[in-house]
Structure formats: C-alpha cells, structure tokens
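Just one chain follows, in the form predicted on its own, and it is written as structure tokens.
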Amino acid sequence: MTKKLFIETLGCAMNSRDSEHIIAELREKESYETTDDIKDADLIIINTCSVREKPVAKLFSELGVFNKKRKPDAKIGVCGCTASHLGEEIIKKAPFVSFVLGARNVSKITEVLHKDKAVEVDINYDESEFAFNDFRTSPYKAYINISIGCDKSCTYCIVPMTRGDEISIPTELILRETQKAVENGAKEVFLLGQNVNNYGRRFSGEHEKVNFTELLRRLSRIEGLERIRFTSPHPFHMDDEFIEEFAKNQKICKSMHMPLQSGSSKVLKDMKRGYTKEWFLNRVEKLRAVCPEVSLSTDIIVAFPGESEEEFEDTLDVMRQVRFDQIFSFKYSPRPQTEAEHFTDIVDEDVASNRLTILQNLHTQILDEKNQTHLGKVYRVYFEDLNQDYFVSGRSDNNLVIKVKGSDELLGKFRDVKITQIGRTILTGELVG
C-alpha cells in the first residue's frame, strides 16, 4: 500500500538535492509517494538549514505547526544541517519528533525510519560513493553533487561542522549520473559543492585525479547535454586555466557566482577567506577580459565583527566596480561552533541594519541601470516552468529569468526571445521566429 510523504526543504540547492535523494530512497525502498497536503502524510520531513539564525528559529516553529496538523500516527523527521549540529537536542525540545538525520547521513533515511528516536548525525560519514536511487523534481534540468563537505575554515561559517570534511565524488559516478539524466530528458545540469572548483583535492578511495576544469571538459563531451551550470566556485581557486575553460567552453553557461563576503582585505582576513580585495577584483577583470558577456552574482555579509565604516566602504567600492547582476546580502549573525561566535567587537544592530539598507539600495540602483540595457535584445532561453498567468519562463545562458506568453509545449525547449518589458527580477519578451 502506498504511503504519503510530505517534505519541506529550507536553504540551499544542496539541500534541495538532498531532499530529492530522500524522496528517491523512500519511493524505491519504502513505497512512499509525495503529497502537498500535510494532513494526508504518513511521514513528514523538514530538511533544515543552519547557515543563518532565522532558519534555525523557523525549525521549531514549523515543527509545532506540523505536530498540530499531522495525522495521529504520522511520523515527523528532521534532516539537514540543523539536524547535524543540534542532534538529540531536537528531540528533547520536540519529543514528538521520530528521528533526526544529519546532512552527511542522507543515505541512512530508510534505516532511521524504523528506529524510534534515532539520531544519526556523524559528520565524518562518507556517502561519496553511495549510489542513490534516482528522483528529480524537474525533468528538464538535473542537480548533481560533485563533492560533499568543506575543508575551508571561514570564521563565520557552520557548514564544516554540519557537513564534515570535503570529499570529491568519483568522476565516473558524476559522468554516469549526468548521462542518465540526459537520457531522461534533461538538457542542463547544475553541479553542486561547497567549493566546486576545489574538486579533486581528495577522494575517499583510489580514483583518477581529475580537477574541476577537467571535469567540466569531460561533462561537455556528453551528447545531448547542452548547458552546464555550477555553484559555488571559491575565488581563491579561480586560476587562469579554470577561467579560460569557462570562457571558451560553449556548453558552460556564462554566469558565475563569486562569493565576495566583504570588499575589505582586513575583514576578509578576519573571515579567513584566503584572498584579498585586490585578488577578487583581479579575477573579475580576468574573467570579463575573456568573457565580456558573463553575469556575476555574489554573497555579501555586512557588519562582520570589527567592520569599520571605512571597511564597509570597501565593500561598496567593489560593488561599484564589479556591478553584480545579483547579490545575496545579510547582516552578520553568530553561528554556534564557529570561531567568530567568540569575537567581541560586535557592530551595533542599528548600524548593521543601516549598512545592509545602503548596500541593497546601491545594488537596486545598479540593477535598474543594467536592466535597461536588456530591452530589445534577443536571448536564447531554455524554458522549464509553466506559470499560472499563461506565461512560460526559463533562463538565458547568462542566467536572466525570462518569460513569454505560451503553453507547456515550450517546456524543455530552447527558443530565441526578444525582450519587450523590464522587471527587476524577471524580464518579459516575445518569441523570435
């Protein structure tokens, strides 16, 4: 008899892929089907994020709601990064939770399902060679993990404490998974890792040593694969070979996420990012010299402990020079088990809020200016989403979200689109030809 699974995913694309793995294992081994109605679910899972404070606070709020809405015999499980760092504390605070499964233990989902109050949160558990069953939320693109964990020691970041040491997934497994996704209809793959361009530094067994640039070359040889995206490359590992391959390889989409975090070399040193303001700007200059059409996105933290007005101005200076197409910006929040949790030179909350507003207003101004340049231009769009307003949307090679009037007949197809209307987050156009 088919059972029903309700799953809520918080956080990053890696969490989304973990949720797909959970669904796949439960479908194949436990006969679960997904449902959007929590009241019908036999199993309720929340896949958590712990990068910032708000998702952690949201966890216990959501659990309370789930407990009220669930069927009397429905199980509730907590997975992901917050599960990794809170572990048994989750069950102590919410005793109705049936199991806790850490971000590095996804392959154990069918085991913990049958152990009441199971807690599996070993961040050293090695899943790099585990063959998950296949499930994807979209038939048109495939998220593919190329590494697990993180070897960096950024002072603000909890990820190494929740996902463990970095291990690369064997190249042959990545190629095989990509080939299967293409055979099932995907024309685009999205490679995932905490620092994708550090790929190949460590494998768990004896495997051919392949770096990220070579992995991109091999993936691009797969017939039927038309687009390759990835996140996130680390600025420290952006060598010339990688940048040149990015520029010349026609299958690699010309959009790059470059996490800046701060424009101040002093703050970057305090963060232990491993690069300077000058290095970051040099990499952008090199990238745009060989690939002028590239679109750039970034992450920025304002009000890191000890950040002065001058150091904040350094961040604004990088913003003005680079003119990012998209930013993900946040006020610093201390995370448990991180070095910065113990820093004492805390920036005043009002000052922090003001800096975030200034940063976001500057980006809005830059975005409005840049968006005007798209009007009348033609972009090749890969359509993947059917909207409720009789529009179909997709992305251009350089990651612009573009919609046109249309039906599901456009899904999974590439078409040229001329931009007729500008929006801050989505452009509207009409099909050409």
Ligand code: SAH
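So that there is no doubt, residue numbering starts at 1 and follows the sequence shown. Nothing here was measured: the structure is a model prediction, and the numbers come from that model.
The same protein has a further form, the form predicted in complex with ligand SAH, not shown here; the description that follows concerns it.
**OP:** Please determine, with the chain shown alone, which of 353-361, 325-333, 184-192, 286-294 has non-hydrogen atoms within 4.5 Å of ligand SAH in the predicted complex.
**Re:** Going by heavy atoms within 4.5 Å, the stretch is 325-333.
Original post:
Taking P259, R273 and I301 together, does each of them reach ligand SAH in the predicted complex with some heavy atom inside 4.5 Å?
Top reply: Yes, the whole trio is in contact, each within 4.5 Å by some heavy atom.
**OP:** Would you please decide whether Y156 lies within 4.5 angstroms of ligand SAH in the predicted complex, comparing each non-hydrogen atom pair?
**Re:** Output for Y156 is yes: heavy atoms within 4.5 Å of ligand SAH.
Original post:
Counting only non-hydrogen atoms and a 4.5 angstroms cut-off, does H374 reach ligand SAH in the predicted complex?
Top reply: Outside the cut-off, so no.
**OP:** Using a 4.5 Å heavy atom cut-off, state whether K58 contacts ligand SAH in the predicted complex.
**Re:** Taking the distances in the predicted complex, the answer for K58 is no, it never comes within 4.5 Å of ligand SAH.
Subject >> Any non-hydrogen atom of S232 within 4.5 angstroms of ligand SAH in the predicted complex >> reply: S232 belongs to the contact set for ligand SAH.
Subject >> Sole residue of A41, V392, V51, V381 within 4.5 Å of ligand SAH in the predicted complex, by heavy atom >> reply: Answer to the contact question: V51.
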